[in-house]
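Presented as C-alpha coordinates, the chain that follows is alone, the form predicted alone.
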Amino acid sequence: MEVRWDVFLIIIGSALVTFLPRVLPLMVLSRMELPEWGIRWLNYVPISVMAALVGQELFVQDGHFSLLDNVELLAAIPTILVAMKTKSLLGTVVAGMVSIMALRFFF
(Lines give C-alpha, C1' and ligand atoms only; values in the text may rest on other atoms or scores of the structure.)
Protein backbone atom coordinates (compact mmCIF):
# COMPACT_ATOMS: atom_id res chain seq x y z
CA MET A 1 0.00 0.00 0.00
CA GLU A 2 1.39 3.31 -1.04
CA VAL A 3 1.19 6.26 1.36
CA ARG A 4 0.75 9.55 -0.41
CA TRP A 5 2.29 12.27 1.73
CA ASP A 6 -0.07 14.98 0.57
CA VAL A 7 -3.11 12.92 1.63
CA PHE A 8 -1.40 12.00 4.89
CA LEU A 9 -0.66 15.67 5.67
CA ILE A 10 -4.26 16.63 4.83
CA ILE A 11 -5.52 13.96 7.26
CA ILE A 12 -3.15 15.15 10.01
CA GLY A 13 -4.11 18.79 9.38
CA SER A 14 -7.81 17.96 9.45
CA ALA A 15 -7.36 16.09 12.72
CA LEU A 16 -5.58 19.06 14.28
CA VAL A 17 -8.19 21.54 13.05
CA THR A 18 -10.92 19.34 14.51
CA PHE A 19 -9.12 18.50 17.74
CA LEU A 20 -7.70 21.87 18.83
CA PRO A 21 -10.94 23.92 18.95
CA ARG A 22 -12.46 21.27 21.19
CA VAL A 23 -9.55 20.66 23.53
CA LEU A 24 -8.09 24.14 23.99
CA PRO A 25 -11.21 25.75 25.52
CA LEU A 26 -11.64 22.72 27.75
CA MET A 27 -8.05 22.94 28.97
CA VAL A 28 -8.22 26.70 29.55
CA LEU A 29 -11.64 26.70 31.22
CA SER A 30 -10.83 23.75 33.49
CA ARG A 31 -8.09 25.84 35.15
CA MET A 32 -10.25 28.92 35.62
CA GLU A 33 -13.10 29.60 37.98
CA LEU A 34 -15.97 31.11 36.04
CA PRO A 35 -18.13 33.82 37.59
CA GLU A 36 -21.66 32.92 38.66
CA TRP A 37 -23.27 34.83 35.76
CA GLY A 38 -21.03 32.93 33.30
CA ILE A 39 -22.10 29.58 34.69
CA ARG A 40 -25.77 30.58 34.55
CA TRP A 41 -25.29 31.80 30.96
CA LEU A 42 -23.58 28.55 29.94
CA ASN A 43 -26.47 26.53 31.37
CA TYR A 44 -28.75 27.97 28.66
CA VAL A 45 -26.46 27.15 25.72
CA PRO A 46 -27.45 23.46 25.19
CA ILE A 47 -31.20 24.09 25.27
CA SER A 48 -30.80 27.07 22.96
CA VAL A 49 -28.81 25.07 20.44
CA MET A 50 -31.30 22.20 20.62
CA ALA A 51 -34.27 24.55 20.16
CA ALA A 52 -32.63 26.16 17.14
CA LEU A 53 -31.88 22.80 15.53
CA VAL A 54 -35.33 21.32 16.21
CA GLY A 55 -37.16 24.52 15.25
CA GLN A 56 -35.41 24.69 11.91
CA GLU A 57 -36.23 21.07 11.16
CA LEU A 58 -39.87 21.48 12.15
CA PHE A 59 -40.76 24.80 10.57
CA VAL A 60 -38.54 25.15 7.51
CA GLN A 61 -39.12 23.04 4.41
CA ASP A 62 -37.24 23.62 1.16
CA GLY A 63 -35.85 26.85 2.60
CA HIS A 64 -39.24 28.34 3.38
CA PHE A 65 -41.26 28.69 6.58
CA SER A 66 -44.05 26.12 6.42
CA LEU A 67 -46.90 25.32 8.80
CA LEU A 68 -49.32 23.72 6.35
CA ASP A 69 -48.66 20.33 4.78
CA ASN A 70 -45.80 19.76 7.19
CA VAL A 71 -45.56 16.08 8.17
CA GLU A 72 -42.64 16.64 10.55
CA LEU A 73 -44.60 19.23 12.50
CA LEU A 74 -47.57 16.87 12.81
CA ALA A 75 -45.25 14.07 13.98
CA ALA A 76 -43.78 16.39 16.59
CA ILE A 77 -47.10 16.72 18.40
CA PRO A 78 -47.43 13.09 19.62
CA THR A 79 -43.67 12.97 20.14
CA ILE A 80 -43.75 15.99 22.47
CA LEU A 81 -46.73 14.52 24.32
CA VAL A 82 -44.86 11.22 24.84
CA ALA A 83 -41.77 13.10 25.99
CA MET A 84 -43.75 15.16 28.49
CA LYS A 85 -45.66 12.12 29.78
CA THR A 86 -42.84 9.56 30.01
CA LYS A 87 -39.68 11.72 30.26
CA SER A 88 -37.96 8.84 28.47
CA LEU A 89 -35.50 9.47 25.66
CA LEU A 90 -36.02 6.00 24.18
CA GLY A 91 -39.80 6.31 24.33
CA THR A 92 -39.65 9.75 22.73
CA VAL A 93 -37.41 8.57 19.90
CA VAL A 94 -39.63 5.53 19.25
CA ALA A 95 -42.78 7.68 19.31
CA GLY A 96 -41.20 10.13 16.88
CA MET A 97 -40.10 7.38 14.51
CA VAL A 98 -43.48 5.65 14.57
CA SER A 99 -45.29 8.97 14.10
CA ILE A 100 -43.21 10.04 11.12
CA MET A 101 -43.46 6.57 9.53
CA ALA A 102 -47.24 6.49 9.94
CA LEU A 103 -47.72 10.03 8.64
CA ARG A 104 -45.46 9.46 5.63
CA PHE A 105 -47.34 6.23 4.86
CA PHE A 106 -50.70 7.99 4.81
CA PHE A 107 -49.69 11.37 3.33
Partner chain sequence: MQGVKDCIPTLLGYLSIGFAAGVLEKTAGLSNLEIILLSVLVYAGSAQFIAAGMIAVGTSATAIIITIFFVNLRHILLSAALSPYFRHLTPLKNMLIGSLLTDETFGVAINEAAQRNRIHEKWMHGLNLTAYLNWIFANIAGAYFGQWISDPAKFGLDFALPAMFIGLLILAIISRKKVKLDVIVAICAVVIAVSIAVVYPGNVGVIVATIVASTIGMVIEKWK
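Residue numbers count along the first chain shown, from 1. Whichever C-alpha set is largest while still superposing within 1.5 Å between the two forms counts as the rigid core. A quick note: this is a predicted structure, and the numbers were derived from the prediction, not measured.
What comes next is about the form predicted together with the partner chain, which does not appear here.
**Student:** Is residue 107 part of the interface with the partner chain in the predicted bound form - any heavy atom within 4.5 Å?
**Tutor:** No - in the predicted bound form, heavy atoms of residue 107 and the partner chain never come within 4.5 Å of each other.
**Student:** Residue 67 near the partner chain in the predicted bound form, any heavy atom under 4.5 Å?
**Tutor:** Taking the distances in the predicted bound form, the answer for residue 67 is no, it never comes within 4.5 Å of the partner chain.
**Student:** What residues of 42-58, in sequence order, lie within 4.5 Å of the partner chain in the predicted bound form by heavy atom?
**Tutor:** 42, 43, 44, 45, 46, 47, 48, 49, 50, 51, 52, 53, 54, 55, 56, 57, 58 sit within 4.5 Å of the partner.
**Student:** Please determine whether the C-alpha atom of residue 101 is displaced by 2 Å or more between this form and the one not shown following superposition on the rigid core.
**Tutor:** Shift at residue 101: below 2 Å after core fit.
**Student:** So with the core overlaid, does the Cα of residue 22 end up 2 Å or more away between this form and the one not shown?
**Tutor:** Indeed, residue 22 is displaced by 2 Å or more.
**Student:** Would you say residue 89 moves its Cα by 2 Å or more between this form and the one not shown, aligning on the core?
**Tutor:** No; that C-alpha moves by less than 2 Å between this form and the one not shown.
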